[in-house]
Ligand code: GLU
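One chain follows as structure tokens, the form predicted alone.
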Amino acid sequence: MVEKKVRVRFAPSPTGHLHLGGARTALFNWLFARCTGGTFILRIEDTDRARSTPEAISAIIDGLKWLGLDWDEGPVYQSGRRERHAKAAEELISMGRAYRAEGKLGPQQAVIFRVPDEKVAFDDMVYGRIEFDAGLLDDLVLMKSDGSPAYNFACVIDDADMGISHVIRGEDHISNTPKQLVLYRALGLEPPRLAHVPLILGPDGSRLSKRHGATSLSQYRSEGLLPDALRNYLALLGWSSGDDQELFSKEELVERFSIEGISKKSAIFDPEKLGWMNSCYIRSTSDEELLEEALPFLERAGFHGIASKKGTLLAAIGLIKERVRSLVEVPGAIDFFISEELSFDGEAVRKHLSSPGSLDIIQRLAGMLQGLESWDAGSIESSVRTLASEMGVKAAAVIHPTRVAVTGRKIGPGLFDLMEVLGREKTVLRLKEATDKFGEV
């Protein structure tokens, strides 16, 4: 038997945002197509005219692009195939397998399929052999009285016409499978191979929902997740490479992915692990790429017209990316590099600028730094330690007040590195301003 060329599809209904479950389904289909040299098709199942919206379609397409999931064919819009669906329904009527019935949704009659009293079975690529008694099913609506196709019927016709070889979808679709199989059999069509993937559950073991936090791609994007991190995390929700590796590049996922690696057990969504994974990707992303990703968040935080400060921003990003877990945290981590006026933490001021002698220390340091021959982290550190020695205090007695004076806070990146990035002029100015602001020496 010749194995058919792999053709898979992601077929979302555009009635809302693209949620994590749908995004994972899209990812698994995309990975299977890419690892087998197959074709990935995007089909928009927009036959529900009342609930489908252009905004939802745009959100789906933008979300897939953001995740890096490109498609080879499509998007194909199911609503544009109504004539094909109606023709297939007429074929079943002419075969005596379907009949017309009065409907409530429009002037036309609905088309109903007579479900045969027979057994149906299939070999699921994840769950193994599954059998149903089709005789227990009610007759199926094929075409509604408003002229639109029912989900299961349109799905069968479209998958057959598009030559879909494999259908990878959530396990909640297992109940649709017998309805679709009797239609394939009635039409004399070969069904695709099926792989149902486990549900995604929240940390409490219930189905993932809004009460567990963000559930849509757009929410995670706005919360500062990197697409590479979310793609990596989604891949591990219900799939394993067979070893302990957790961080995968896109290329590694394509190389390692297999349907055999999909688990039968429901996947537990762990927001803490996702946050950790995002921090790993932030650290490994180049400063240039990370700044590009962070720019919308900086603008959202009120930092406009910062293109002229790109050099400072790049250096600042390099210093703080070890300390943040998401892009949302970037503006707060680097604001003191680009703000003209500092916002001081009250506790930091009380602890490090209100102690006896602290303002004298930073005033004297300002003078030393003003005449420093070379402005680099090493030279700055040498000056700080020299001053501490001259004043008979520990280096910390100079370092802590200096940090608060130039950043407004008591923690952050390495002091000497950040002072180098701030530059001599801004550093000295802030030391002098802190002396004026918090009292006379």
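Residue numbers here begin at 1 and follow the sequence given. Note that the coordinates shown come from a computational prediction; the quantities given were computed from them, not determined experimentally.
Absent from the display: the form predicted in complex with the named molecule. The rest refers to it.
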Interface residue in the predicted bound form among K144, R185, H173, R81, criterion: non-hydrogen atom within 4.5 angstroms of the named molecule: H173
Contact assignment for the named molecule in the predicted bound form, among R169, H85, K179, K321, heavy atom within 4.5 Å: R169
The named molecule contact in the predicted bound form: A11, any heavy atom under 4.5 Å: yes
Residue contact check: C155 to the named molecule in the predicted bound form, 4.5 Å heavy atom: yes
Partner proximity in the predicted bound form: Y151 to the named molecule, non-hydrogen atom cutoff 4.5 Å: yes
Residues within 4.5 Å of the named molecule in the predicted bound form, restricted to 43-61 and counted by heavy atom: E45
